[in-house]
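A lone chain, given as structure tokens: the form predicted alone.
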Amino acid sequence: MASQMQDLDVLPRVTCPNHPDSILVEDYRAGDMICPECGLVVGDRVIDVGSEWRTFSNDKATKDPSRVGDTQNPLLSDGDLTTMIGKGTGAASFDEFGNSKYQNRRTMSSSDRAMMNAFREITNMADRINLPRNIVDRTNNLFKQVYEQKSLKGRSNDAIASACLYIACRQEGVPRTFKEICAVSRISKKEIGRCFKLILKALETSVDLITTGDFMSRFCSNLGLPKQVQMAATHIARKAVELDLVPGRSPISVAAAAIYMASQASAEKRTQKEIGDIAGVADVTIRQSYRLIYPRAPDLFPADFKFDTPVDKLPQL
């Protein structure tokens, strides 16, 4: 706290040279900073950062009082800085045929327009699965790099955007499955997977390998399982990988099987279908992974786990 106060003290502050301790008064109309003790104008042309309009209760909701347009977008070529001309009302605003002389013609290029549509689609997809803003920003940057390289010609922008979202989630440490991305986009899982591999090759980038721990917390939370079951499932999945009990199985299917085993040993039991719906895997996939780890079940549970169902009474499937 002391260091923060010191940092605030070194920041430049506008003061009156004759009365440094006096609180300056701001004249909003003239844009001046005035000393109340001696009347000295300490600063002029102060920018008003407040709203440029006032809102009244009887104003129509469809009326847009803003005259400055949208915020600047650094990902576009010209920052998307545009000028909007208001609708004319006098006779000088129209020609002899009654057409408006001044029209808003957008000068945005086709590439910027395509990127804007992709950015809008990325934001919509992220909102549907509750992804934070930093994921959206990284996805937009990835899409811009791919689009400018023109290395994925022939692929739809929606497919590229979906693959970029999948990569951004992996790079930010909050991976989502292909099925989760596919559920919020209009692109097939196979097409997203193809674009994913092409983008990694084109950008010469990589993503960390996904593990069972990347999904365990979210899956257990969505299933409403207590912390003890989540910790047990995490331990089971980690031990199964360490003992090489599930060679060639995807981390998602191993996590689902571990959750099923831990829940069946506790009082909070969940069916294969319930777990499969959350994890996005089929019941048969869970059973196949479960059969691989079941013979070593006594060695997989943590030592302090409180069994509601003994290990020898677990389902054999």
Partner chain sequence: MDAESDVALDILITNVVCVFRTRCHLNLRKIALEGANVIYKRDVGKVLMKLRKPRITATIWSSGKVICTGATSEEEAKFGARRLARSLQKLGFQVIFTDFKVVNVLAVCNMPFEIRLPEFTKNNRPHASYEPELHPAVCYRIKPLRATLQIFSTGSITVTGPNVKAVASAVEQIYPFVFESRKEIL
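Worth saying up front: this structure is predicted, and the values here are computed from it rather than measured. Positions refer to the first chain, counted from 1.
Although it is not shown, the form predicted in complex with the partner chain is what the next lines describe.
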query: Looking at the partner chain in the predicted complex, is some heavy atom of each of Phe196, Ile210 and Pro251 within 4.5 Å of it?
result: yes
query: Applying a 4.5 Å heavy atom distance criterion, does Tyr166 contact the partner chain in the predicted complex?
result: yes
message: Please tell me whether any heavy atom belonging to Pro247 falls inside 4.5 Å of a heavy atom of the partner chain, as the geometry stands in the predicted complex.
response: yes
task: Considering only heavy atoms, tell me if Thr177 and the partner chain come within 4.5 Å of each other in the predicted complex.
output: yes
- prompt: So, in the predicted complex, is Ser206 in contact with the partner chain at a 4.5 angstroms heavy atom limit?
  reply: yes
statement: Only one of 120-128, 155-163, 137-145, 239-247 sits within 4.5 Å of the partner chain in the predicted complex by heavy atom distance, namely 239-247
